[in-house]
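Next come structure tokens for two forms of one protein chain, structure 1 first, structure 2 second.
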Structure 1
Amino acid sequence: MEVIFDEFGPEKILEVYNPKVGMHGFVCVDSSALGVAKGGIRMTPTVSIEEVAKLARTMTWKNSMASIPFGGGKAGIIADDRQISPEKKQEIVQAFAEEIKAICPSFYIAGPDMNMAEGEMETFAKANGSRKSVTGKPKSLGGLPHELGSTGFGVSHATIVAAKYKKLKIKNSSFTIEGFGNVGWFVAKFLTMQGAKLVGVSDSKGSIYNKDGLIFEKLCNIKEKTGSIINYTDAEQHPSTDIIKLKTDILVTAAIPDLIKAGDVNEVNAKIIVEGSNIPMTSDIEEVFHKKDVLVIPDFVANAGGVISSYVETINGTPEKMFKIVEQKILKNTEEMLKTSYKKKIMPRTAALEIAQERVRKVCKVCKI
């Protein structure tokens, strides 16, 4: 693999080392046309410049489509956090933050990604010396906690717009959710509050289904007490992967990548699929669904609530302000994408990409960059 350059970016790639600590990492600023590049830091043993550049490009489109004043960026630190002590992990994050100070927060704002959480973001902010350098910080440092459920809240609003386009009333529409973690749990909560009927849910241990509806509070209690939704009584039991086959109006993905494979398309029993998780299927499979008149709301539009919340964190917004802005932006952008998709008869992902690219091009033209 190699980094691909085109008219949009990347603008900067910084590779940093601290041999004493054993830190090796990189930051990619893909585009700063719409603002300072924003994207998380991932720590894995295999992360590469190419992987980070690809993810930074995705952030360029995601932030543009979310209509927040951020460009696209991403960072990576090569380390296996299962093989190092928690103290060593913090030391590596601290060294990384110190080494990228020259571009952070002036060109890049960090955040959590794989194997990075609130504690690491706190270490990062302290080492950088500016709270503005990173989002996903603890509340005590002005962070907006993950537990508020901004991503799931945004996914539920994307679902409401999708239902309207499929001429379904969200009240009484049935929905299933793959995954009952941070994203899935909040989607279940917010769609249930809208009157939609949760009929199926999965986690890593299995799926459960009841066409008459699952009781959300009971499900939460079971998950909390026993660690899995499969211990819910009064529901059919199925393997985890069967969640895609269960009869429902709306399927929300909220766990693993590549959930739906090419051979699964005819087994999917939903009119709408909302991608709460990242890359639950390839864009080729999305195209097949489009031809079958199944509406797929793409990940970078549906799950942008988290990065919108990050933006609100950078302007010191309250949780109330965050919910208001996530709702407004997700409703507006999903609507704009679907309007273009229906008008031009192109799949929603293609429409969203067109809109996101146009927004970046427009700024580049005005500023002559």
Structure 2
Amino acid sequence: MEVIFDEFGPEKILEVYNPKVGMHGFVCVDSSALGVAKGGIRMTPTVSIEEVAKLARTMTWKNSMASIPFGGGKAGIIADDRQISPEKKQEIVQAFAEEIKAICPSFYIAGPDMNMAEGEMETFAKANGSRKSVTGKPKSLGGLPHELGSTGFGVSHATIVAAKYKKLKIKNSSFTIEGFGNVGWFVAKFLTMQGAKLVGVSDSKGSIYNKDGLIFEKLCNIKEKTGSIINYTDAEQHPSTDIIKLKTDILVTAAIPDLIKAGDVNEVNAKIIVEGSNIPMTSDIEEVFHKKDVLVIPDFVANAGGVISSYVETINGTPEKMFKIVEQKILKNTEEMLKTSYKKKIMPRTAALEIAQERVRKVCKVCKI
């Protein structure tokens, strides 16, 4: 795999090292046409420049589609946070922040991603020397932490619009969630508040299913006390991977990438798939679902609540203002995408990309018109 350069970018790729602390990372500024590149930092033992560049391009479209003044960017640090101490992790994040001062926050604004949260963002901001260099900071530093649930809140509103287009009433519609971390937990919370019926959920230990519905509060207590949703009583137990096969109106993906493979398509029993996670399937598989009349809401539209929250943080907005703006933008952009999709008879991802690319082309001086 290699980085693909085209009319949109990437504009800059910076690779940095600090051998003394064992830090090796990179930043990809994919596009600054709409503003400073924005995207989170992920920390995994396998993250690569190619992976970061691919994710940075997704951020270009996500930020464009969300109608916020950010370009697309992403960063990665090669480290396994399960094998190092919290102190060592902090040292690595600090070294990374110091090394990318040349482009952050002038060309790139960081944020949390895989294995990076509020505490790491605080370390990053202090080491970089600028609070403007990162979002997702603690409240004490003027932040709007993603732990408030902005991404899951946005996914729930994308789901509401999708249900309307499939002529489903969200109240009493059944839904399943792959993953019960930050995103999945908040999606479950907000959709049950709308009257939807949670019938299945998974985590790394397994999945559970009850066609009559799971009690959200009970599920939360069991997850907190035992560490897994599989200890929920009064539900069928299945392997984690079976979550995509369970009968439901709406399947929300909220955890791992490449969840749905080509061979899984005929086993999915949902009318709507909402991509709360990044890249849960390829666009080719989305096309197959489109032909089968299964509505797929693409990741860069559905899960844009986090980056919209980041934008609100940069303008010193309150949590109340953040939730209001996330709701407005997700509803508006999902509606615009689906209106284009249905009118042109193209899959939603294609419609969203057309809208996002046109917005970038309008302001990009180096793009071919």
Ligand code: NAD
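Predicted model, so just to flag it, every value in this text is computed and none were measured. Each form is matched to the other, and the largest set of C-alpha atoms that superpose within 1.5 Å is called the rigid core. One-based numbering along structure 1's sequence throughout.
*asked:* Given these two structures of one chain, say which is the form predicted together with the named molecule.
replied: Structure 1, which is the form predicted together with the named molecule, differs in this respect from structure 2.
*With the core lined up, does the C-alpha of Lys166 move 2 Å or more between structure 1 and structure 2?*
Superposed on the core, Lys166 moves its C-alpha less than 2 Å between structure 1 and structure 2.
*Using the core for the fit, does the CA position of Glu335 change by 2 Å or more between structure 1 and structure 2?*
After core superposition, the displacement of the Glu335 C-alpha between structure 1 and structure 2 stays below 2 Å, so no.
*After a core superposition, would you say Ala196 shifts its C-alpha by at least 2 Å between structure 1 and structure 2?*
Ala196 C-alpha, core-superposed: shift of less than 2 Å.
*asked:* If I align on the rigid core, how far apart are the two C-alpha positions of Asp80 between structure 1 and structure 2? Answer in Å.
replied: So the C-alpha of Asp80 has moved 5.2 Å between structure 1 and structure 2.
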